[in-house]
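Listed next as structure tokens: two forms of one protein chain, kept apart as structure 1 and structure 2.
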Structure 1
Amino acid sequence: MLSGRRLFTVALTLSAGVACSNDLENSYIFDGRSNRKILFRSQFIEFDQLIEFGMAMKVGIVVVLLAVASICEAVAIFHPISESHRSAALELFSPVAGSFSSLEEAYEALRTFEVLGIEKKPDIKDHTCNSVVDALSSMSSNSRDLYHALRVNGLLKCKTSKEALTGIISRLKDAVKDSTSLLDYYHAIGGLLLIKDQSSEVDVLLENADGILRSIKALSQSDGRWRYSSNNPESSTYAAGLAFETLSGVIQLAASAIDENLIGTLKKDIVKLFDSIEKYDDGSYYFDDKHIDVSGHQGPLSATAAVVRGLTTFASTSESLNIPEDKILGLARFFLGIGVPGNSKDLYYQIDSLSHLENNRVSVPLVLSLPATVLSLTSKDKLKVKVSTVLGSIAPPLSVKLMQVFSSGSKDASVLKQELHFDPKEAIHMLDALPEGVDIGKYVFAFEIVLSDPEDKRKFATGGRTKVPVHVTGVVKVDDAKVAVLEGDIVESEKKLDLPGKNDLALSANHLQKLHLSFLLTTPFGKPFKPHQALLKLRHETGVEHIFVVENSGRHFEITLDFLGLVEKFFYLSGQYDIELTVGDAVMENSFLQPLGSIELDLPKAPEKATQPPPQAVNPYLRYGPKAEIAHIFRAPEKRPPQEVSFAFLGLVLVPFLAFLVGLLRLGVNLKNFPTSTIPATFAILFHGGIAAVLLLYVLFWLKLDLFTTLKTLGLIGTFLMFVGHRTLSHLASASAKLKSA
């Protein structure tokens, strides 16, 4: 059972949380924890489902559900990467006290800012450069520390000397020789490659590049995945991405030519890895990985990002790879389909991967996007299409053709092959008028990108036909709307309705009569229209609601309520019922929730065992209203005794203490046995001081200390007293024994 509140929450989530694919029926929400896209198969909930759930809910939810169309249109963007990504980058990569927690995080932030072209970024250069210099000059820095420091140095251009880089090169080359795992090779080779890019005056070439390649190749698996080390039998897609990136670095650092057969084998490994690629229904391709990467981040996002980075860097060092362009385009769709990630690591993976796809030698994906997939016939909206790279750069000369238009729920499609004209000022392809026969409803438009220059076909991936869901909206005309009270088949009274408009019905009926409602819906082109929701609601004056679905019979929508068969459902409640009609659809611009008036029902009395009406839900907002005032009278203080009595009582309390002092004098108390030597006297003084401290603690407990503090302090003082008291008593016992023996 779903409550009205929970469904309302679902509606709000769908309207606000959809990483809007501009598809009102198949939308995705990206789950940052699992890095997976969750598919919502429908944002619109059938009203017969609501009735099945037993929900007497506010039909205003319909407004929220129908508003999803306008919301998705509002967040539609011209470029795959938008200002939302830039705002998210500044928010997620926020330094604390002018610095990031690590050089790795600093690089991810700087790299993201660079790709997104953010100019007003946090000023972290001074503090970060100090960390870079410290890491590069420290002899305790391992190859991983040096790698991250060099990556940041490549972006910030910190002041580093040639001598320092020469020492680092020696350490990294030694790390390459001593490497036993893929990560060791990755950081050492990556560090040398970064130094090569930052300075041309140093020698970073590897003499035994061929042997290093073979050592790394030994970690590969038959399915294209790689192991992190020879001691670890588990293979990983993420490790494969790191391996290809490392291998490309070795090729660039090789002092002599690499065996072409070995490079050919590595290319085959990449093709094998792409055999394990997975696909979403929307054409997105991704790599899944059950293992956790070196940063503790897991999921398909990190694995796919690693493969893309490895693929593009390896392709930059060799001839073109035989990777189908639909898979390259599918990888781009995967990263773009994420929307705006919710954490910095995911955002870095997304932006960095899109940057590598934007500049690669395999195939640069072109993305077709629509500024708005909801077009209004009333406003005469134009169909606009934009083609760009994944980062929103201008595409090469091309044309866009509208090839087919599929109607929702139909396999038949009209073949158009209509070319959109290009507006060079806005860099948009547009169609001034919608194709003939397109009425309000849900459609799938199939577009095709045709590159003007044949040479561009080798460089860019268009993906063939691109299907985009489009909603065409308009004003639906409501005709022949009327409501009647029937007795049998005879019309007792009938009134016409103004829909949508103001109506104020005042009907009356008994349990032997019927209520009949009918109306006709037509599109702007005069075709019959069937809305997604048509609902009639009767609400009793006690708050009990009854919801009925208005069925479609031919061209008309009509419903007949036979009160004789509904008396039990109405709980035999006579009285006034408010009538409310709701008609709504995602493509219906004039969807309405319309009060029609009321009907006075005269139902028979309820039998003894009849079902009682359900208790009405309490408005949860009432608990936030003002509470009843609480009047409290404090008890009057008790009468105190006279001051003289209090002083007399104090004197009586002090009498035992005075008697104690007198007793001490009568007994002749003296300090003759007090130790005279230094060490025993010190312990004796400390012992008596401890006793005084206990007495002082009692006084403080009486004045201000609580019981727990007092007991804790007493335990400490007691331990001290036990030690010094034992030493003092031991000395007295020893002195007494000597006296007796003398």
Structure 2
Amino acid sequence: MLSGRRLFTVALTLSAGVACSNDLENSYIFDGRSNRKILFRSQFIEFDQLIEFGMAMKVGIVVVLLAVASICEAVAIFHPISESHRSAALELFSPVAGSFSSLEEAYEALRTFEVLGIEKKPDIKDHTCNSVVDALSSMSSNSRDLYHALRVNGLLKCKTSKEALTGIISRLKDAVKDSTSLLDYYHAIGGLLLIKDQSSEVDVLLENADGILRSIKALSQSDGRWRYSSNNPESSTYAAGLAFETLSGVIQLAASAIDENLIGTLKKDIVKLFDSIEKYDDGSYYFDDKHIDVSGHQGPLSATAAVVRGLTTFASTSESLNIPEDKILGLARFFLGIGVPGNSKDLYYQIDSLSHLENNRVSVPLVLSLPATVLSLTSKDKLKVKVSTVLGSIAPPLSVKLMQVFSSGSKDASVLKQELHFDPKEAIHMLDALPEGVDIGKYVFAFEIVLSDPEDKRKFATGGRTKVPVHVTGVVKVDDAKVAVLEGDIVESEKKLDLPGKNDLALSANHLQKLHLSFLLTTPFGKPFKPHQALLKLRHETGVEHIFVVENSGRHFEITLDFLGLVEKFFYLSGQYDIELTVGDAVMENSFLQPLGSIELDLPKAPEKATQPPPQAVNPYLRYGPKAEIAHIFRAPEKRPPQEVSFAFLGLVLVPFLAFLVGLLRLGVNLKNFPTSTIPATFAILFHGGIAAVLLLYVLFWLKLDLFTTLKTLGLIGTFLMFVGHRTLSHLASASAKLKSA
């Protein structure tokens, strides 16, 4: 039985070691859009191994899993608020033209600046105070506007008159009486509470506090969420946060003592809400709303911020709120894990929630962070650990112990319990020397915080064991490096190499020989070291590259390239190959990529069907560069004959015309048939004139007129000509007919 128990403990530790070491590879990205952390890369825990052990030992699986879950916390590092948050705040909350767009935004900016302690704020006081005074004095402001104006007033302390505030009090009290929805209650109660803080001697106390509490509580649901109003079935965690804040406000403003049972049920409601809390693997807790709420904000950040605000304000009104401290620490981790948000609303939520967590009465979370997670053995870096509150303030007196160091390679983790030495000047816990046997590599250091004052244990949340990933780097010694060309098993030529220095080999080999490279890698502590990359590259003069992995056995790294088997892989390309050796790792400070020289390879000729080497990439600037310029060649004008020739032929053409006239005369042309009496003569003249006009029109058409004008004119002249011609020719015809009959 005893041996069985011991075996079981060993098995549990081993499996926890497996499970926990796997977490080393996890890293997270914070997605600003959905306000969630996305797992970057993860490996799965082999639960079947654990189950086997559990079954074998006849212990319930649940116990095993619980044990593993409790031992194996997530490995991540959270940093408290830093200067980067301050500069981001100044950048994100930049007012436009001297003021912010709304009082709500002004409040968010001012609150963020106040929490972060930024003194050099943009000067918006005058403009914003004007808006505040306007809002407070206007009769048309509803309780929401008054609430935001009062919030800003509380930070800026604008000059408001007492009468204005008194007037508002009565309006807000009426609003409380008439409220039906959660937001109405929230704004009205919040406003009254702010007035109470801002001016003395005012009567803001509520008469019917019990009744108000009950009507607000009526909006709660059994799963811990709250609805916004009784006729709207939508519920959200954000509303629950607002409800808690409102309830604490009512308790503070109560005129008479409130029924203790009622407060007890309210506390139970808060605890019930924590049942719906969700968890990330790195140990952060958060609340998520599945539906978009009324104000349009969705996502875990606004919901968690609302719950934290409500929770802490409620806890400040009453003692003994029973929330486990690891959940509070988880909520703090959630806000810190965001880093620096990208927009102003998210930054406000983060900073406001952290400021509430800083001074809350449930438990104040303490953050353990390392300023440097990469330690160098060469420069003898010391391990430094900082413990502070979420906003970076000094923690109460405590001591930090390094409990265990898990190495990524091996599964065992020796239990150390080394206490770190505290340096009060820098407020840092330091380890003067790293534990024994911490060589270069990736580790997980497990720390535990022990508070000096036992009273503090109730006030502060330390989170048990905090695991932090640490990289230890150092210089890796490269020894005994040599290159040899082997013929069979006989060494033909051997050269010593100086790694990681410069080398310039000039080897030559044919396809029947082998190339052998070997070297030793040793860590600063003398142990064997396997780097992430140990590659040998051969590059042909045409640019074709071949990469080989250098295998190792322990400390000894070697590779043998048998060219007989590689002839086909090398595409039968003979010639000069440049040799390059790459040895590198994240923890190796002297990683190198060294050209070693060249080797002249003599390979046989390629057969017909050999595969061609892959085409090398063309320089894109050449392929897509500008092409040769094309000059446009205009149509060369036709060769025209010399003018003299043209004129000569013009004269030549006129010659037949003259010959025609001469011939006519020789034939005895006469005008005897021309009519002599007046009217026919006129018509005859007009006929000939008409023909002449048409011919003249044709000449003008050729010279400058266009076809349409010509056709129009031709139509006119033609009609005239037809009429005239008809008269003339019919006259002539009748004259010749008379002559014939006579």
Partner chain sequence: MGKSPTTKDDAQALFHSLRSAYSATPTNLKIIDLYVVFAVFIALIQVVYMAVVGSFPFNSFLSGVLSCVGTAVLAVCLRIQVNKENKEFKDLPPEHAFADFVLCNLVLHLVIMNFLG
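Keep in mind it's a predicted model, so treat the numbers as computed, not measured. Please note that residue numbering is based on structure 1, beginning with 1 at the start of its sequence. Note that the rigid core is defined as the largest set of C-alphas that superpose within 1.5 Å between two forms.
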So which is it, 1 or 2, that shows the form predicted alone?
1
Once the two forms are fit on the core, has H556 moved its CA by at least 2 Å between structures 1 and 2?
yes
At a 2 Å cut-off on C-alpha positions, does E600 qualify as shifted between structures 1 and 2 after fitting the rigid core?
yes
How about D184 - superposed on the rigid core, does its CA move between structures 1 and 2 by 2 Å or more?
no
With the core fitted, just quote the Cα shift at P642 between structures 1 and 2, in angstrom to one decimal.
25.1
Core-aligned CA shift between structures 1 and 2 for E545 (Å)
3.4
